[in-house]
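Encoded as structure tokens, the following chain is the form predicted on its own, with no partner shown.
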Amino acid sequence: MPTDVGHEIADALGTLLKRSTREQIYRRLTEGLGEAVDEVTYPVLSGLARTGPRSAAGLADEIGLDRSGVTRRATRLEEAGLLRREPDPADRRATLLALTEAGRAAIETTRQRLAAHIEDSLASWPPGEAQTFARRLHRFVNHGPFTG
């Protein structure tokens, strides 16, 4: 039987994972990075930064979009010079999506913004509490109910 703690965590995760919450965060992170980088294309850039070069189908599985959605977003990013298509060395018929230097720079900017936003929101916490939260969140993500 679930405990109150389980429900409390599930509710918090539900809020974090809501599409509207993610879009709001992505809009804030991508503001001013150019027309091609927005809440719609951010998951593609971010996914490629985490995984390295991937096929559109492989990236779609990673970020929870369908292949055609990834392909459309990749085209916008490619036209803006943020990603490139390259031959898959394991299958010459296939194409991989890969970040360009400009794409990596855009992702670095978004990561810095996210870290600063998180740190600002935790500034009022008692000393050490934010660090403890970070360690425990890391533990939950790596060893909690969603692993394996």
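Keep in mind it's a predicted model, so treat the numbers as computed, not measured. Numbering starts at 1 and runs along the sequence shown.
Quick note: we don't show the form predicted together with the DNA, though the next part is all about it.
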Checklist entry - Given that the partner is absent here, does L114 sit within 4.5 Å of the DNA in the predicted bound form, heavy atoms only? => result no
Checklist entry - According to a 4.5 angstroms non-hydrogen atom cut-off, is D38 in contact with the DNA in the predicted bound form? => result yes
Checklist entry - Within a 4.5 Å heavy atom cut-off, is L29 in contact with the DNA in the predicted bound form? => result no
Item to check | Partner proximity in the predicted bound form: R85 to the DNA, non-hydrogen atom cutoff 4.5 Å | outcome: yes
Checklist entry - If you check E101, D120, E79, D66 against the DNA in the predicted bound form, which one has a heavy atom within 4.5 Å? => result D66
Checklist entry - Which of the residues spanning 70-91 lie within 4.5 Å of the DNA in the predicted bound form, based on heavy atoms? => result T71, R72, R73, R76, R85, D91
